Ligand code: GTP
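Take a look at this one chain, the form predicted on its own, written out in structure tokens.
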Amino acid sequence: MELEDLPGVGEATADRLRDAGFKTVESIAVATPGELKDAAGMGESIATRVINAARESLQMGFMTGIEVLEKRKTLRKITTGSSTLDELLGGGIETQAITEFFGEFGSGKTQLCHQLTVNVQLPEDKGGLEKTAFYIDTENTFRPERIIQMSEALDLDPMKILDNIVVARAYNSDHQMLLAEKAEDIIKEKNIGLIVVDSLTSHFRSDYTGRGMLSERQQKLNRHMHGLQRLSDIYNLAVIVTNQVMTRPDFFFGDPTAPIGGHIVGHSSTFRIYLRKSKGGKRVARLIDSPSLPEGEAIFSVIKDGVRD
């Protein structure tokens, strides 16, 4: 079904919707009337009618528990390269979900992102999806040399692996959001199975400073996270975001670090994993939040070959 088949959507309106990132009936079905109103200049009542028609065509609505179970059977998992970390995560990084890694500098966040862009390309029997990756780089941390090392360690062709990773450098928070919105353009074309945002909050943190801008920052972060979740649901892909931490001066016992983004990021992430350094170059991953898995810890290593036990 094309956009033009929806009631109230002519050729010109369809072109405006596509230019705004609404390229499929699925994307219309999960939009809000306000979003369509702004994107296509249509009235709110017409936007509501278009959305309802899109939902009816896709048979979106109530589902039984059995139907939800059947939908979850379509989700797949990507190995991290560490069996202990995979076990902590119930078998690896899930599709149809956002997985957040947060921790201090050097805790292994970017290393995991690099490893997963390689692993998503592996055959399914080796823990991959046989798909490609889209990497939104906000801090200039993507290193093709590291991908080459990780690929060679798995006896993969490093040039082929690199060719299957689409990298976009984000220069501010608005650019970052735009890249995520435009990701839909390349998901089908490039057979994307993994979206990485490294890091999620750095631009938002620098673009919106002071308490007076906190509300606007949180609203935009919320929209950004919901957009990523929508992509993961519609296209059955995995989303990885990394997050920075701050030190809480009012915290006197235990670990004083806390992730940036507050409740917005916390509630939007399906899985939250806290990473920290340990002795002997080891890293400790602690599962903080999951809808179905118990809290726990896993120890893994980051070596020249990549992420390992």
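Residue positions are given as counts along the sequence shown, with the first one as 1. Just so we're clear, the structure is a prediction, and the values are computed from it rather than from any experiment.
There is another form of this protein, the form predicted in complex with ligand GTP, and it is not shown here; the text below is about that form.
Asker: Can you check whether residue 149 is within 4.5 Å of ligand GTP in the predicted complex, heavy atom basis?
Answerer: It does: once ligand GTP is placed as it appears in the predicted complex, residue 149 has a heavy atom within 4.5 Å of it.
Asker: Although ligand GTP is absent from this view, report whether residue 303 comes within 4.5 Å of it in the predicted complex, heavy atoms only.
Answerer: Because a heavy atom of residue 303 falls inside 4.5 Å of ligand GTP in the predicted complex, the answer is yes.
Asker: At 4.5 Å between heavy atoms, is residue 99 in contact with ligand GTP in the predicted complex?
Answerer: Taking the distances in the predicted complex, the answer for residue 99 is no, it never comes within 4.5 Å of ligand GTP.
Asker: Residue 90: heavy atom within 4.5 Å of ligand GTP in the predicted complex?
Answerer: No, residue 90 is distant from the partner.
Asker: May I ask you to choose, among 193, 81, 108, 128, the residue with a heavy atom within 4.5 Å of ligand GTP in the predicted complex?
Answerer: Among 193, 81, 108, 128, a heavy atom within 4.5 Å of ligand GTP in the predicted complex occurs only for 108.
Asker: Which residue, 189, 139, 124, 163, is the contact with ligand GTP in the predicted complex, using a 4.5 Å heavy atom cutoff?
Answerer: Of 189, 139, 124, 163, the residue with a heavy atom within 4.5 Å of ligand GTP in the predicted complex is 139.
Asker: Just one of 91 to 99, 108 to 116, 70 to 78, 165 to 173 has heavy atoms within 4.5 Å of ligand GTP in the predicted complex; which?
Answerer: Only one stretch passes the 4.5 Å heavy-atom test: 108 to 116.
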